[in-house]
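Next up: a single chain in structure tokens, the form predicted alone.
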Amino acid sequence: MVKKSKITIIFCLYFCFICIPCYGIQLMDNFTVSGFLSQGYMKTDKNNWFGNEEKGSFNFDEYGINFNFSVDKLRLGAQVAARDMGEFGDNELFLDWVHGDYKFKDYLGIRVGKCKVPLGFYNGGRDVDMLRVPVLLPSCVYDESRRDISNSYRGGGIYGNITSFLGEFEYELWYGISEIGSAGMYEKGVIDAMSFNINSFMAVFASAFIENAYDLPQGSVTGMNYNRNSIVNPEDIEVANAATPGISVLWMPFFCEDLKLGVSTQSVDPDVVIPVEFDGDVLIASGLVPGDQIPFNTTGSILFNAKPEYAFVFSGEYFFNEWVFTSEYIMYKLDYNLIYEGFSPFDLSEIEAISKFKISVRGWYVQAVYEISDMFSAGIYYSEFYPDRTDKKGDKLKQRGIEAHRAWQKEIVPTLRIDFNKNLLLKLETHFINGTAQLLTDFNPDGISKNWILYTAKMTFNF
């Protein structure tokens, strides 16, 4: 029923708006209202990325309406939005951004409120489909699992434009709080990673650890009972909002007017506490009384004790006739300890395999977009993502009993954009993917395939 209603919406949009150009509503000289509505479809031949794409999903949309008021050097604005991305969002209304800014001079302005994080070229407008050619931004840099910590902040910052003999510079410095929503993809990713770690420990390291701890003969621990799905209760997880300072600088050099270079960085430091229910009875056989058990407490909690995480994005864009070439590179480090409490008789915090992590994440893409005509544009990008740059081939993962292809994700993505008029567009896109580094185990209980394809289509109306 839901699918049929969404299909009806798409066709109504097409027939109602394809011949009717619309513009933002200007209620008075200094007050305007504008908005957008996007409806998409996702289908994979294998694997699920955001929920249930393998069966085909219309749970892929964005809606938004924004209000802008300006007088002299003061601007006030807000946007209310809703979105759905597979299992996330569920079209619940939220305040996407609301801020006021005052521009004293070209080189100095101040902005306060709930503001978008200007990380990379596209993060500030990632929900506005008409601003770009691709349906999905390259996930190597614009990772959906990090949206909750990099989308916006509550706080303030300064910005401005500076012209010098080197060219024009745009800058923004900010400090605020990143609001991490509950039941979001960031939280889901934390739970999935935690389950991965415990699953790996139980499958590969636990037997030897218990034998050493109890001075048992090698190979005497022959079986371990636990229920992976009961390890973490998502409803009880606690994720605190994180302080997030950052800076963004764009440079348009005089010697090449068609070139734009940028660097941006953001620091986040979220606190996460995960209540755990662990069914971990250990069965001892060889050399001992068959059926003997080592008692193991079934409840506890896991605390992420993390150092601040600094993400850097280096960006470049070049315009050549009807071509636009773009490339971006992201790097950040995850450095944290997991503190386990309540898991007697063992102190799991002392086991480095599941308690100490220092991982350098890398991702990059190159993209070419060509404007064929006023109606048609085409684009293609190639991207690579590595959750651990020291394990690009997955050798470390294999030692932990995990498939090697979880160590990377590489994509070739062609896109066709059709602008029927200034207000209605359609996009068709295919992702040819090798690797599964950004997939969640919870959405793929029957296993994950190394090579897979994601098909997407999306229609957007804006006014």
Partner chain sequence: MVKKIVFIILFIIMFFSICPASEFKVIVNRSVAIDSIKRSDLKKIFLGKKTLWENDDSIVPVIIGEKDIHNVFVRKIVKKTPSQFATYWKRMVFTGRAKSLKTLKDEQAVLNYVIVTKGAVGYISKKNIHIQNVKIISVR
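On a predicted model such as this, the values are computed, not experimentally measured, just so you know. Numbering follows the first chain given and starts at 1.
In what follows, reference is made to the form predicted in complex with the partner chain, a form of this protein that is not presented.
Enquirer: Counting any heavy atom within 4.5 Å as contact, can you tell me which stretch out of 386-394, 84-92, 160-168, 139-147 lines the partner chain in the predicted complex?
Expert: Result of the contact check: 160-168.
Enquirer: Among V128, L303, A193, A378, which has any heavy atom within 4.5 Å of the partner chain in the predicted complex?
Expert: Partner contact (heavy atom, 4.5 Å) among the options: V128.
Enquirer: Could you work out which of I359, I177, V324, I339 is the residue within 4.5 angstroms of the partner chain in the predicted complex, going by heavy atoms?
Expert: Only one option qualifies, and that one is V324.
Enquirer: Decide if the three candidate residues Y186, W408 and G435 all line the partner chain in the predicted complex, where lining means a heavy atom within 4.5 Å.
Expert: Checking in the predicted complex: none of Y186, W408 and G435 is within 4.5 Å of the partner chain.
Enquirer: Answer for P414 alone: is it within 4.5 Å of the partner chain in the predicted complex, judged on heavy atom distances?
Expert: Output for P414 is no: heavy atoms all beyond 4.5 Å of the partner chain.
Enquirer: Can you check whether F319 is within 4.5 Å of the partner chain in the predicted complex, heavy atom basis?
Expert: F319: contacts the partner chain in the predicted complex.
Enquirer: Can Y370 be called a contact residue for the partner chain in the predicted complex at 4.5 Å between heavy atoms?
Expert: Y370: contacts the partner chain in the predicted complex.
Enquirer: Is there a non-hydrogen atom of Q399 within 4.5 angstroms of a non-hydrogen atom of the partner chain in the predicted complex?
Expert: The answer is no: Q399 has no heavy atom within 4.5 Å of the partner chain.
Enquirer: Quick one: name the residues from 32-54 with any non-hydrogen atom within 4.5 angstroms of the partner chain in the predicted complex.
Expert: If the 4.5 Å heavy-atom criterion is applied to the partner chain in the predicted complex, 32-54 yields T32, S34, G35, F36.
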